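Given next, in structure tokens, is a single chain: the form predicted alone.
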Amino acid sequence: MQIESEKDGEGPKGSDIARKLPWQDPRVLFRYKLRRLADKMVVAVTILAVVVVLYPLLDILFMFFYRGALAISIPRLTGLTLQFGLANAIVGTLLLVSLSTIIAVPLGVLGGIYLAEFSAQDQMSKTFAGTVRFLSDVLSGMPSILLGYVGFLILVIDFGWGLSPLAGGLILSILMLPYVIKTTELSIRKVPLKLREAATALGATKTQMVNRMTFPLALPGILTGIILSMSISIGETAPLLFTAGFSNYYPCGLTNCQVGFLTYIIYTFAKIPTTDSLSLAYLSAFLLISFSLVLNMTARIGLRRLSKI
């Protein structure tokens, strides 16, 4: 009886130990607190790194917006460069972007559709598609000033176009082309395979499936790529120095007629230490940043609501 009573007395203590939860162990709690501390330190270092990277960028953007907004005036927006205005540069920039978009968008969209839908038909098509993808990657990583110099030798000198909007627009279209091709191909490939199989089962041809199903579904992504490529091309300076030149007047034609653009104003007038010149440079930067922000916001917010995939 005494042995049984001793066992009975030890029973509750042993059951308490047995019922002790694993995470109540002091060693487990210590390791948990250590991991929490390490996690907080990593988060703090990450936030600090983001602030260190973004602070100079935000400071520069704020400076351009503030100084550019202060420089806005009717004479500067409607006058020519000789009168310390930007009208001819604004018109020239819109002309260059329009020409490059007209050239790059049809070629890029058709190229992306071919790579996504028709490049796997036979071995020759696969080889050609691989070559196109390789050239697209090379163009997207090529320095823009190199393209400008090649455009100067071929378009300006050999073709006899001179420093002109057409030469500048064609070089900008070459810069835009890889981005349009890639986004078009990726957007079309995002269309679910089940929809393609359903269209094929209903008797639709490849062309009908592309025209009536895959292309409309991928249109928001394609438009996003086009808008982003336009925002990239609008900030180029180096290739236009070799192909478009600069003019203090409105464009007079597509060939053998130099054209003004906003990035040249920034490149030139920012180095002149006078109040009017610096104000013109800040205003040009303000207009370019505003236009790029509008394009990017339209691409990322507006078109996302139209997405059907």
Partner chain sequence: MVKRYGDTVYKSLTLIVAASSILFIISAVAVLLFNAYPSIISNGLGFFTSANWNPSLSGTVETVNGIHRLTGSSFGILVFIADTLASSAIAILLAVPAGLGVAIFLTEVAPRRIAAPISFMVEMLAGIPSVVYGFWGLIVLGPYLFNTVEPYLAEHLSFIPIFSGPISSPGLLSAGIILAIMIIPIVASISRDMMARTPKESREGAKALGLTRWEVTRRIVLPYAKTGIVGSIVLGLGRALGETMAVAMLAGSGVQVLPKSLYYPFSTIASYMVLNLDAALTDPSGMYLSAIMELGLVLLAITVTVNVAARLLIKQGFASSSENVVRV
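Positions refer to the first chain, counted from 1. What you see is a predicted model; the values in this text were computed from it and never measured.
The form predicted together with the partner chain is left out here; the points below concern that form.
J.: Using heavy atoms and a 4.5 Å limit, would one call Gly141 a contact residue for the partner chain in the predicted bound form?
T.: Although the partner chain is absent here, Gly141 would touch it in the predicted bound form, with heavy atoms inside 4.5 Å.
J.: Does Ser98 reach the partner chain in the predicted bound form, with heavy atoms at most 4.5 Å apart?
T.: It does not: once the partner chain is placed as it appears in the predicted bound form, Ser98 has no heavy atom within 4.5 Å of it.
J.: Quick one: does Phe128 come within 4.5 Å of the partner chain in the predicted bound form, counting heavy atoms only?
T.: Contact check for Phe128: yes, within 4.5 Å of the partner chain in the predicted bound form.
J.: Does the 4.5 Å heavy atom contact test between Gln123 and the partner chain in the predicted bound form come out positive?
T.: Close contact is absent here: in the predicted bound form, Gln123 is far from the partner chain, nothing within 4.5 Å, heavy atoms only.
J.: Between Ile72, Val132, Val91, Leu195, only one gets a heavy atom within 4.5 angstroms of the partner chain in the predicted bound form; which residue is that?
T.: For this set of options, the contacting one is Val132.
J.: Would you mind checking 172-211 for residues with a heavy atom within 4.5 Å of the partner chain in the predicted bound form?
T.: The stretch touches the partner through Ile174, Leu177, Tyr179, Ile181, Lys182, Thr183, Leu186, Lys190, Thr200, Gly203, Ala204, Thr205, Lys206, Thr207, Val210, Asn211.
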